[in-house]
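A single chain, nothing else alongside it, follows as structure tokens in the form predicted alone.
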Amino acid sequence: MIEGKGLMVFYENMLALNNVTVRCAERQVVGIFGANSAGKSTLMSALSGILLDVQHKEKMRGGERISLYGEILYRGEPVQDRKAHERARKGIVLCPERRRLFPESSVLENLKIGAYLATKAQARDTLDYVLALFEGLKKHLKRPAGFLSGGEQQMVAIGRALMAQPKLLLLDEPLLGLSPAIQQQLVRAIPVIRTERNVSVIVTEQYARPVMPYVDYAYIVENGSTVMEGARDELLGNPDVKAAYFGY
């Protein structure tokens, strides 16, 4: 499905990613775990192509110089030079950290915005699916998204990403700032989306505990580098991973 090989990202002289290689196969759920500022969001921006947009904007305004090296293969095709909207058309869709909704627009409007790559039939089908997956959103469709709770906003953000018809869904810290009950509701939706929509998923989180039971494979990232990787059961049995990312 997708493979990032030897990815390196510099913000001016600061090394944000250091020779990182990650892979996600068809219909696989991959977790990327690490502390705040470990490089998780930079990695997701690199895979989605958003980093190229940020790089261009910074260059135009004479701001921070951003350098990206390495190779990104999507279904065997190099896409590291493809812009974000081109990757989205191929099926690589990012659900960004902190949701980035349009707060004054209604929930329904936010969802429909995500359907810009869908046919009318696909948009209707996916909207029905999102409202079945997150039933609590049905009563808020006409409500401004900014008035929802954090958990409800995250459901809208994931729903909006699904409306774009992803083949590969990138979830960047979807559990940030949410209650344990809402976290469980969201992580349980991940394997359901994988199975029912035939979507591969890469999810990043600071704490592995809520997400690890639902991933097939995971990477541990520290200071921009991959320090450990393995299948779910392998990492769950590692005492160092338990101590650092599970709290016991």
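Values in this document were obtained by computation on a predicted structure and should not be read as measured data. Start at 1 and count along the sequence shown; that's the residue number.
FYI, the form predicted in complex with adenosine-5'-triphosphate isn't displayed, but the following is about it.
Visitor: Check for me whether adenosine-5'-triphosphate, as it appears in the predicted bound form, comes within 4.5 angstroms of all of Ser106, Asp128 and Val156 - heavy atoms only.
Guide: Not a single listed residue reaches adenosine-5'-triphosphate in the predicted bound form, so no.
Visitor: Using 4.5 Å between non-hydrogen atoms, is Ile220 touching adenosine-5'-triphosphate in the predicted bound form?
Guide: Ile220: no contact with adenosine-5'-triphosphate in the predicted bound form.
Visitor: Indicate whether adenosine-5'-triphosphate has at least one heavy atom within 4.5 Å of a heavy atom of Thr195 in the predicted bound form.
Guide: Because no heavy atom of Thr195 falls inside 4.5 Å of adenosine-5'-triphosphate in the predicted bound form, the answer is no.
Visitor: Does Arg65 reach adenosine-5'-triphosphate in the predicted bound form if we count a contact as any heavy atom within 4.5 Å?
Guide: Yes, Arg65 lies within 4.5 Å of adenosine-5'-triphosphate in the predicted bound form.
Visitor: Might Ser179 be said to contact adenosine-5'-triphosphate in the predicted bound form, defining contact as any heavy atom within 4.5 Å?
Guide: So Ser179 does not count as contacting adenosine-5'-triphosphate.
Visitor: Choose one stretch from 195 to 203, 33 to 41, 208 to 216, 179 to 187: the one whose residues place a heavy atom within 4.5 angstroms of adenosine-5'-triphosphate in the predicted bound form.
Guide: After filtering at 4.5 Å, what remains is 33 to 41.
Visitor: Let me know which residues along 162 to 200 have a heavy atom within 4.5 Å of adenosine-5'-triphosphate in the predicted bound form, or say none if there are none.
Guide: Heavy-atom contacts within 4.5 Å come from Glu173 alone.
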